[in-house]
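Let's start with one chain on its own, the form predicted alone, as structure tokens.
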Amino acid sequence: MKSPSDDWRPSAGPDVLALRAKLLGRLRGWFADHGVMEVETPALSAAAVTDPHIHSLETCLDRRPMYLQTSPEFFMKRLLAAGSGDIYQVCRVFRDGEQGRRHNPEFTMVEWYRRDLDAHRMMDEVESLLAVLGAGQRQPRPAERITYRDLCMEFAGIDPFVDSTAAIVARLDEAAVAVPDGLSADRDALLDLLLATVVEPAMPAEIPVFVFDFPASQAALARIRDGDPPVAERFELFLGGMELANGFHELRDVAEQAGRFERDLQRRRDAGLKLPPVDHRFLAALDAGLPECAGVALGFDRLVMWLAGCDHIADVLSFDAGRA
């Protein structure tokens, strides 16, 4: 452990910082080659995310609460609805209570939106970008794709659409994973815990894996495709035992989106959590007309971790939260 007198020093070494700079240059070059425009949106907003599992950092402006953004998604979709065309952003985002080996309260997100693409074509784009960023460093192998259902059945022996919450709890007990108090009746929270503790560690470390067709109850801001069962048209990318990206075939129905916000707020009430203000400007943009599109958010710091062979997010940040 470094002494307090060393706290002025950067968290990351010069070689890793040079790698970050090189990757950012490649990233911007890839987007320029694909005709995607870089944009900037505010870090502060009068509204906040409603997802009960994500918590915003709050500050104050002229005595009114403002929130540091957990994602630029709402602002970027407002730009899309106003006719921006294909856009991307490299930005700092903030999440309260997230600190650890793979988490820092402030981190770098790469988010982009492409018109007339679905989730599968967006996966193609993410894989193309990974190949460019990894060239000459640690080239990822060709990606695999698997449905959420098949993933859980293969690596945990659980059918996430059929098995009971009791069966999921039993599988967690078998893996010696403690279920926090109050979580045993929350099916989606149990599935998230199963994914993080049982499934992710069993996934291949050197192969990018796209997981798609999530349960409809986990749609977030993705559209739902009818079927038996219905599924959310979203995907997540895993590499090196980490989630690197989360993408959606974007929901465009303002009434459905408003209903999801209300359901999020009810879950927050039930859990005794603070109720953030809903982003009504975002809903107005949806009402005005969001173009057919897909979007994805990629955790840039985690990608640098994998490419540099680092085990801790602090090792790829100029200054982590402990040195800020």
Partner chain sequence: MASYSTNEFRSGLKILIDKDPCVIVENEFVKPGKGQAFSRVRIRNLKTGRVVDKTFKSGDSVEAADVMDTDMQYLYSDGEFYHFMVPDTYEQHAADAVAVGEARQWLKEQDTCQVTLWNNTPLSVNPPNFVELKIVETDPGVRGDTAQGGVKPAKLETGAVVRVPLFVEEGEMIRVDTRSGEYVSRVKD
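Just so it is clear, the structure is predicted and the values come from calculations on it, not from any experiment. Positions refer to the first chain, counted from 1.
Heads up, the form predicted together with the partner chain isn't pictured, but that's what we're talking about next.
This chain lacks the partner; the member of 243, 127, 159, 86 within 4.5 angstroms of the partner chain in the predicted bound form by a non-hydrogen atom is 243.
Proximity to the partner chain in the predicted bound form, defined as a heavy atom within 4.5 Å, singles out one entry of 136, 227, 142, 97, which is 97. With the partner chain omitted here, the record of contacts in the predicted bound form names 48-56 of 48-56, 29-37, 279-287, 255-263, defined by a heavy atom within 4.5 Å.
Although the partner chain is omitted here, in the predicted bound form none of 150, 167 and 233 has a heavy atom within 4.5 Å of it. Using a 4.5 angstroms limit between non-hydrogen atoms, residue 178 touches the partner chain in the predicted bound form. The partner chain is not drawn, but in the predicted bound form it has no heavy atom within 4.5 Å of residue 82. Not displayed here, the partner chain is kept clear of residue 171 by more than 4.5 Å at the level of heavy atoms in the predicted bound form. Although the partner is absent from this view, residue 131 stays clear of the partner chain in the predicted bound form, with no non-hydrogen atom inside 4.5 angstroms.
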